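Here you get one chain, nothing else, as structure tokens; it is the form predicted alone.
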């Protein structure tokens, strides 16, 4: 059986043109995908478990799913402050239940943007986000800028589907109608194919952006170099920006996590706003996990805030740097956690990992990753976009429905697991309310 128009659940591109050949419920071939996306489909059985695992007294025990749900609820009822983290590799439907659990338990909920594009999200709340869709880029953009990112390695089909190479309504000749500028601290694979490459000194992005804005606003720069870039090259790039018909600035972690963080992104957005005095220009984050954008969106729908949400007062509060997962763990403010579709032990700072390992936590994930190996209870689930349907948001904030290509009747979905836990917690709502009344009195 050939299944067409399959959406790839790997990165924020959410490529929707994959062709999957399935025979006897086995994936045989994957066409149109990059190596990263094809690997997720072809190796979906690797590193999987079929039963939940409970760890007690150093021993592991397989249990059925009902027992796992009851055990998870008991763990949560015995805690006073819970953290829910992850959510960027699952469906919007599952994220909704995660928010409901966090609100019910008056805990924290955070997604992986807190350790990647969190500063970018803070920035566009401050100065706006003059963006567009990837369809606009494909059909209209004649100048592409990649700043602090390397899509040929991280988002391999981004250039071929959305930016440099595709033929669009007003870019009928594809790359012949476009110019590519890459700005980075090293010559990446993407930089090697650029029309113009600016190699800047590390952590000097803010300086370069400020110089560009000064030139755009009629000021003269007398220095020979800014951020390690010759002033002549900066003027050349500014001329390319001003003379294009439609420009787009894509930026990645190389810009987001440089010195200044959200202030640097404020400046980059302001640069795009300045350019709109001359031509049409937009900006867009290069999102990593396939539904990290959806995690921000769903939290914003339900709480008013995109990540790092605190329900401890009975209503949502938001203060990144205080209420984000890394910080509440480092300060040892939580005594339980639910990790959903993420692996914080592989990438969090040491102090945060130390506390996470010292508390009982629930790990809900299709794959038996490093965080699952240390969880008090691990609950395996279906893979969204392969074994179960679900909704996700592309990096340009467009919602896309992911398809199911094979059956997996042995495992529940993330949504089913979180729904079961939530419904069991609701049955004990009086215990939860009593606990918080006692805490308030104290």
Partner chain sequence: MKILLKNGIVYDPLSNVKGERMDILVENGKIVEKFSSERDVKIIDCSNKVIMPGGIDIHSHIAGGKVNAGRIMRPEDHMYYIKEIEGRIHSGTGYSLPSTWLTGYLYARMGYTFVATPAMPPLSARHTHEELRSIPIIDKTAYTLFGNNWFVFKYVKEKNYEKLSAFVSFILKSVKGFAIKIVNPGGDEAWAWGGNVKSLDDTVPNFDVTPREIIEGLIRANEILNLPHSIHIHTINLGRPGNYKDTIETIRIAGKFENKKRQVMHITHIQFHSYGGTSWKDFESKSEEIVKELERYKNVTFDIGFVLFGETTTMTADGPMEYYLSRLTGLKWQNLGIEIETSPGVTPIIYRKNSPVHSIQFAIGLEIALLSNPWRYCLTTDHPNGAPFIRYPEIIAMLMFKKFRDKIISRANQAIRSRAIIESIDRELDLYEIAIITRASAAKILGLEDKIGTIKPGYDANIAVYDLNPEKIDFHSVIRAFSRAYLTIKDGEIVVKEGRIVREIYGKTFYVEPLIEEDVEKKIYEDLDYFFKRFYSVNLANYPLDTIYLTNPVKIKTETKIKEITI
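Numbering follows the first chain given and starts at 1. Only a predicted model underlies this, so the values are computations on that prediction, with no experimental measurement involved.
Omitted from view is the form predicted in complex with its partner chain, to which the following refers.
Of the heavy atoms in residue 202, none are within 4.5 Å of its partner chain in the predicted bound form. Interface residue remark: residue 246 is counted as part of the site for its partner chain in the predicted bound form, having a heavy atom within 4.5 Å. In the predicted bound form, residue 393 approaches its partner chain with a heavy atom inside 4.5 Å. Contact annotation: residue 25 falls outside 4.5 Å of its partner chain in the predicted bound form, judged by heavy atom distances. Picking from 165 to 173, 250 to 258, 352 to 360, 225 to 233 the stretch near its partner chain in the predicted bound form, with a 4.5 Å limit on heavy atoms, gives 165 to 173. Taking a 4.5 Å heavy atom cutoff to its partner chain in the predicted bound form, the contact residue among 74, 186, 277, 331 is 277.
When its partner chain is considered in the predicted bound form, only one residue from 195, 79, 210, 139 comes within 4.5 Å through any heavy atom, namely 139. Although the partner is absent from the chain shown here, none of 10, 239 and 321 has a heavy atom within 4.5 Å of its partner chain in the predicted bound form.
Contacts of stretch 131 to 152 with its partner chain in the predicted bound form, defined by any heavy atom lying within 4.5 Å, are made by 131, 132, 133, 134, 135, 136, 138, 139, 140, listed in sequence order.
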